[in-house]
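Two separate entries follow, structure 1 and structure 2, each one form of the same protein chain as C-alpha cells.
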Structure 1
C-alpha cells in the first residue's frame, strides 16, 4: 500500500507548492501594482467605453446617453459598444457595477459617470485610479476632491452652475407678472445640488422686486405627478393670490401646467429649467415663458470622449490647466423669442459636435463657495 501513501504525500506537497506559489504570485502582483510609477500608462488602443448613470426613463438622462452613443459612433463603433451601467439611483449599485467592470477589463476602461451622490464620487474615482483606468465625472463630487490629485486617471469633472440661469428665468417670470403679486416655487429633491441652486437663483432675483412675495416653496422631487398634486394643493391654499410659478425642472412644469389646465387657467406665467424638447415646444407656444438648456447630449458625449481620449493617450490630463479638469457645462436660456430657432438647431437635429473639441462649450473653471 506504500504507493498510495507516496501518492498522497506527493499530492500534499504539490498542493502546498501551489498555495505557496500562488501566494507569491499574488504578492508579486500587488507589489508590482504598488510600485508602478504613479500615473498609469495609456490603456492602449481600444479601451471599453462605459457610462454609469441613473436610468433612461428620464428625458434628461436619455439625452446624456444618446450623446454618449453619438460619441461611440463617431469612432466607427456601433451604439452597443457603449456599456451602460445603470444604477437606478443607488450609489451602492453604482460603485459595485464600476468595480465589476474594472475587475473584468482592468486598466482598459474609459468611464463616464455620474456617481449619483457626492460622497460616492471618491470611492468611484479611487477604484478607477487603483485599476489604472480613466474616469470623467459629472454633477456629483465633494468640494475637496479634485482630478489633479489623481494624476491622469481622474480626467475631468463637469457640473453646471444653476444659480445664474435660474435667476434669469425668475426675472422673466416676475416681469411677466408685472413686477408684483405672489409666486410659488416647485423644487427638486431637497438635498440635490441643482434643486438648492435653482431656488437660490430665484431668491437672488426676488431681492430686486420688493413687491413680489414668495408664497411657498415645496419639493416635488422632479416628478410630474407629484408636481401636479402639489400645484393643486397650492391653488387651494392660495387661490387667486398665485400670479406666477417658478419650477426647478421641465418635468415638474408639465404637471403644473396640467393642474392649471384642469382649473381652466390658461395664462398663468410659468418658467422651468432643463430645456427638454417638450418644454421647448411649450416655450414656442407661449405656455412656458422660459427654460434653460444644459445640453445633456453634448455633456454625455464629451464626458465619454474625455475619458476615452485620455485613455488612448491622445491628450495627457496632467498637462492640462485646472480649468480643463474641473469646468462648468454650457447653459442656454430659451425664451419665447428664440424658442423656434433653438428648436431647429438643437432639438430637431442634434448638431454634429467635434468630440475632440473638449472644452469648446465650457463655461469656465468651477468656483467653490468657501
Structure 2
C-alpha cells in the first residue's frame, strides 16, 4: 500500500509547482505548455494537436494523455508533438492556456479538452470557434451547449453514463454491508457532471435498501489528499457507524484507504470508479470491492483524433448525425471475480485501436436529465 502514501506526497508537490508557475502569470503558463508569442497561423494540413487536462500524475489522466500520444504516433509524429495544457484543476488556467494556444496558432489547432467543470465549457468552445480552430471535449459541459450549434468547429462531446454503473457499485457495497448500516460518499468537484451522476447512482441504489443510511456526502474534488482529510473527518464524526464507503473516483479511494489504515481499519467495504491500474490491483486483492473502467486510453486517443481529422477535412462534423456529435463512451464494471482477467486484457497492455473508427466504442447519443 505504500504507493498511496507516495501518491499523496506527489500530489502535494504538484500543487506547489502549479502555484509557483502561476506566480509568473499567463506568459509563464504558456511557456510551460511549450508556447511562445508569435503571429497566428492559418489552418492547414498539419494543425497543432493539444490536450487540455487536469494533471498527468493522476493515473486516469495519464491514461487519457497516453491515448492521445498513441494517436499522435499513428500519424508518424513523436509523442512530443502533442502539446500538454495542464490546468491542475483550475478552470481559469484551462481557459487562459487555451486562449494562449489560439493566439499563437489561430485556426491551426486541433484541441482535445476536459473543460474541468461544466460552466467552463462554453467559453472554451467560443474561444476555439472564434479562432476558427477545432475542439472535441469530454466529461464536462452544460446541457444547453451542443456541438451542432457551432458548425464544424465544436466537433464533438463525449461523456460517460455514470448513473447506472455507480448504482451497480453501490449495490455491491451495500450487499457487502449486509444490507444495513451507515455509509459515506466522497464526491468529485460539485459542478462536474460525473460527480453529479455518480452520487445520483448511489441514491438510486439506496431506494432499495431502507435499512441503509447515507450518513454524509462531501466533495473531495477528485483529490487523494483531500479525500484522506475528508475521510478522517468522517471517522471522527461518525466512528463505528460507518460500515461502507462509496467513492466517486479511484484516486479518492486511495486517500480513503490510507485514512482507514491510520485508524487500524483494514476490512471496511469500499467501492470506487475509473478503473485505474492501481485500483484494479486493489480490486484483485479484495482491498476494493469494485471499480468502473471508462477506457481512458481510447477516450484520450479518439477525442484527439476527432479534433484532428475534422481540422484536416477528413470528415465534416456538420454532416454527421447528432449521435456522432454527442455520445457516451464505454464503461465496464470490474469486480473481485474478474479483476485479474480484466487486468490482463486492458491494463497489462493497451489494445490496438483504429483511430479513424471514431464511434466504434461509443454507446449512443447522450440523453439529458429532465
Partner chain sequence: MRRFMRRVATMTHGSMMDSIRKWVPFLVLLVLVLFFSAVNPHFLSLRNFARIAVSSSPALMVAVGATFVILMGSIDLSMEGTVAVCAVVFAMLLNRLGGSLAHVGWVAIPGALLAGGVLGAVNGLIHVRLRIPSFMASLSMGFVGVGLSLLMTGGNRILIDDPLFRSLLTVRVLNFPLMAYAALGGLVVAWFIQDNTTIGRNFYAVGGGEELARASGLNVGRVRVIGFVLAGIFFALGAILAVARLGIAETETGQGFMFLSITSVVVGGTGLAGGSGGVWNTLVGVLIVNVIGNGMVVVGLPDYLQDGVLGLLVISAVYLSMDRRSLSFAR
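As the structure is a computational prediction, the values presented were derived from the model and not from experiment. Under this definition, the rigid core comprises the largest set of C-alpha atoms superposing within 1.5 Å between the forms. Numbering follows the first chain given and starts at 1.
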Item to complete: Just flag whichever of structures 1 and 2 is the form predicted alone.
Response: 2
Worksheet item: Taking the rigid core as reference, does residue 263 move its C-alpha 2 Å or further between structures 1 and 2?
Response: yes
Worksheet item: Fitting the rigid core first, would the Cα of residue 292 be found 2 Å or more away between structures 1 and 2?
Response: no
Worksheet item: 2 Å or more on the CA of residue 188 between structures 1 and 2, with the rigid core superposed, yes or no?
Response: yes
